[in-house]
Ligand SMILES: Cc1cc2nc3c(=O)[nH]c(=O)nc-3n(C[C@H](O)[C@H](O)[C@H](O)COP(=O)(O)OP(=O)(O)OC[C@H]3O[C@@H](n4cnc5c(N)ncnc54)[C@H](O)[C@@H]3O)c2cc1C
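Take a look at this one chain, the form predicted alone, written out in structure tokens.
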């Protein structure tokens, strides 16, 4: 546990920047760290905090909305710096669709600014809560990854604050080497303070959405292959309880942007009020829906719920395509605020997400094996989400020409050891098949796995950049010490304040 300062002089307190001592938690609630969290309110305060930490040799972990499932945004060493207060949209060019914004701007703030101006973020995750710094540091992808790539592919340039207080601009073309390291670089080369990125021109606040029911994983993957060249978005829901010939059954959703003039109510739908998610679900205020979900949040209840969803999905697939708001289609995780509480609110209770990425040619067989391993071990995922991906060239990338399956697992003190053992066995199978992993979702990988799935030349290039940008190893999180440390510098300078 972190210790409070014992020195007579506290250089961070003297800065006048707000801070608290608190327990900063990963979004899945099964990891966290107690320590000092500083909350700079502007870029000037952020530069002051980082420069002071650099001069004093204080380790730093950057934190935005804290929406990574695991330990990517907390640290029990040094301080945590919350950048969410540096959140101004600086400029927008409606002709090019380029937006310039500070890194604490959230996806919610961004889309609410863009949509009335007939634009939408080119890439969004399943929740609108993350910050631009967060989605850039993890190179977050969306349901259109196969079509447009991940967050990094939309970025023109960004500002990076180094541990010595220097602020530099990193461009895709002007500094390609560093750019490839910062995007998806886990915040380990500096603090991202500003992002200039492309957005998508839209003519309506709605998408055309169709559904296809699949009897097994092979059928679902074939649906996606069929629509791959035509669709704007593709995502599959998988019933992880189904076994045998039904393994991987579920529902595929395909969506398209509407063309100019295709939506007679396009102007009306390009408003923030039109996009608001429903305030209640089945008569329950949505802020309380997690409570009845908690009753179902066990194997028997979730088996029944997945079966019901599959039945309803077959009915939905018989209907014609329908229109749905951008927010309604993209931000499914925001329909039920704090849905994670259904997994338990006691210490040691929560969830992890395990998301392997597999090359196209082996994905089906390996994913079927993984689902079987979960069933045999008695750790069935309560939610499975299948996506199609394309490769990119960032140094710590998880992307490849293939597929991912995101699996949500319930965690409690009694099952944690067995669940981690299952994840380790699945990881070996994924790595043997040439697969990769996504650090934004990870809480179970070790440095040995990282070394296997990252190309040696890319890992070496990243560690070299780390030595150049952060020579004293001050930028570190609980995650980076777990997944990177044994590969290079230990990033473990002596503590002077905690």
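All values derive from a computational prediction rather than experimental measurement. Residue numbers count along the first chain shown, from 1.
What comes next is about the form predicted together with the named molecule, which does not appear here.
When the named molecule is considered in the model of the complex, residue 238 lies well away from it, no heavy atom lying within 4.5 Å. At a distance threshold of 4.5 angstroms between non-hydrogen atoms, residue 341 is out of contact with the named molecule in the model of the complex. Taking non-hydrogen atoms only, residue 434 never approaches the named molecule to within 4.5 angstroms in the model of the complex.
Proximity of residue 125 to the named molecule in the model of the complex falls within the 4.5 Å heavy atom cutoff. Only one listed stretch (306-314, 182-190, 263-271, 421-429) carries heavy atoms within 4.5 Å of the named molecule in the model of the complex, and that stretch is 182-190. Between the named molecule and the residues 440, 30, 53, 33, the one pair within 4.5 Å by heavy atoms in the model of the complex involves 440. Out of the listed residues 333, 168, 218, 89, 333 is the one that sits within 4.5 Å of the named molecule in the model of the complex by at least one heavy atom. Shown without its partner, the chain has 126, 127, 130, 131, 133, 134, 135, 137, 138, 140, 141 in segment 126-156 as residues with a non-hydrogen atom within 4.5 angstroms of the named molecule in the model of the complex.
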